[in-house]
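Okay, so here's just one chain, in structure tokens, the form predicted on its own.
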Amino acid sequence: MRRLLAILIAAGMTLAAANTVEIFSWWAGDEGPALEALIEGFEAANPDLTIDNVTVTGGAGVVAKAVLKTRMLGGDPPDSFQAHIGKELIDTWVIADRMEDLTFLFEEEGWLDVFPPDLIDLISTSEGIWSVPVNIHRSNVMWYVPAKLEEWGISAPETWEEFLVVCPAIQAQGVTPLALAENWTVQHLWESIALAALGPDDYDRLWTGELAFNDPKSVAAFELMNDVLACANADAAGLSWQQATDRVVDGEAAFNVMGDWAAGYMFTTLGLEPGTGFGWAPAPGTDGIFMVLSDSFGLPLGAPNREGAIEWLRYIGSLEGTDTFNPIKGAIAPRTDTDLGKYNAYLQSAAADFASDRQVGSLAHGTVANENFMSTFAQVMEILLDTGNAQAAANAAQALALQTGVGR
């Protein structure tokens, strides 16, 4: 009898495992509703499968990626996990032979015809296609509240030089010119400032190794960053990106440079209307350039529920999945056949820019450099924050690039 009971219990556990798909991400809290809607849609379309949603909170996935590394190296992969497209995924898990090629799925679903070729290039190597994009985000956006700018008698600056001129006037009214948060948001700001200082061609050359981080052109970007930081809040290290956004919404700060998940937060969580409740412009000096990043999910080798994970990937890449997730998340669709009527005014403008602007990749969100460089670049920012020495920060960045193989 005991043996029969044990067999029945084991069979039940096996069945439960076969019906459960564990996904791993950093979308929780204010970023959770979009993922929850995606899960709800998946489970409705796949009534025999249930999602086990494992999230590790922390902006840009800083904490989640450390936990994931422990699991992947320990032989305990989730069924599918979130990763930024580009170098972050490919130079971490693909080159380590820890991912399955998804070319078969792209061919089955016709995705080679509906995902832009440049996007497919970012998730591919000569050996295969390694993840399914769920969104397109823009990094280089400056956020503000139109009524507040009118009240203060200012407008969104088109260049960082304009921002630095208006900075004292904003401060004189008891307002912080630029809201900043924890370290990764400093990196996020740096990439927009570097893009403005260098232009798109030289910015791209940083990641191919053709332009050194301590070249005088690059040092000038660090010097400009130093000047801009003088206009930011002194308590940045203790804030989340949402709290920095709140300061703009509440009128305590004039501007914030953040990716367009901030639009998702202001629209979905705070209930603000694009264009009136919040406004936007390209980060100063980057008009006509779209700094791109994308979140995706892949299939780890040894996934406990491989078949369930494939169904998850199939759904998130579908038109239904795309248009369920992105309007809530504050992102545009990676598919070219999406229904833009389902997207708000900000996202429609972002989609138009994505289609027409010059595109470059984000550092802070994994597109252009490997994870070792990206994560350790936080120390470069700390040098700049602590010392104000642009040359020292540039030298540290160049040493880091050589150590981690950026451009090779």
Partner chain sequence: MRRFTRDHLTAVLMLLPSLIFLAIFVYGFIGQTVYFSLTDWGRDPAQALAVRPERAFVGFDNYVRLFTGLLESRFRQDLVNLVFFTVFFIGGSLGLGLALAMLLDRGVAGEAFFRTVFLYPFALSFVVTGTVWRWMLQPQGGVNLLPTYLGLPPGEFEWITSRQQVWRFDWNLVPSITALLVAAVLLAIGWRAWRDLRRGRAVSFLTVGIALGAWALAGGPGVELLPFPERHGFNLALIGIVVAAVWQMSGYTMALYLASLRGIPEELREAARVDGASGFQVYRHVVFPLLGPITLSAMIILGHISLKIFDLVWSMAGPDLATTSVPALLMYIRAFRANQFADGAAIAVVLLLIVATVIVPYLWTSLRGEVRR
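Positions refer to the first chain, counted from 1. The structure displayed is predicted, hence computed values, not measured ones.
What comes next is about the form predicted in complex with the partner chain, which does not appear here.
Chemist: Any chance all of Glu371, Thr376 and Ala399 sit within 4.5 Å of the partner chain in the predicted bound form, going by non-hydrogen atoms?
Modeler: Heavy-atom distance to the partner chain in the predicted bound form: all three under 4.5 Å.
Chemist: In the predicted bound form, which of 41-49, 62-70, 339-347, 354-362 comes within 4.5 Å of the partner chain (heavy atoms)?
Modeler: Contact-bearing stretch, as computed: 62-70.
Chemist: At 4.5 Å between heavy atoms, is Gln242 in contact with the partner chain in the predicted bound form?
Modeler: Answer no; every heavy atom of Gln242 is more than 4.5 Å from the partner chain in the predicted bound form.
Chemist: How about Phe106: is it within 4.5 Å of the partner chain in the predicted bound form, going by heavy atoms?
Modeler: Result no; Phe106 lies far from the partner chain in the predicted bound form.
Chemist: Please tell me whether any heavy atom belonging to Asp287 falls inside 4.5 Å of a heavy atom of the partner chain, as the geometry stands in the predicted bound form.
Modeler: It does not: once the partner chain is placed as it appears in the predicted bound form, Asp287 has no heavy atom within 4.5 Å of it.
Chemist: Although the partner chain is absent from this view, report whether Asn305 comes within 4.5 Å of it in the predicted bound form, heavy atoms only.
Modeler: Looking in the predicted bound form, residue contacts with the partner chain do not include Asn305, since no heavy atom lies within 4.5 Å.
Chemist: Looking at Glu320, Glu252, Asp202, Asp101, which has any heavy atom no more than 4.5 Å from the partner chain in the predicted bound form?
Modeler: Looking at Glu320, Glu252, Asp202, Asp101 one by one, just Glu252 meets the 4.5 Å heavy-atom criterion.
Chemist: Counting any non-hydrogen atom inside 4.5 Å, which residue from Ala234, Ala147, Leu112, Ala172 sits next to the partner chain in the predicted bound form?
Modeler: It is Ala234.
Chemist: Which residues, if any, of 86-120 lie within 4.5 Å of the partner chain in the predicted bound form when only heavy atoms count?
Modeler: Asp91, Thr92, Trp93, Ile95, Ala96, Arg98 sit within 4.5 Å of the partner.
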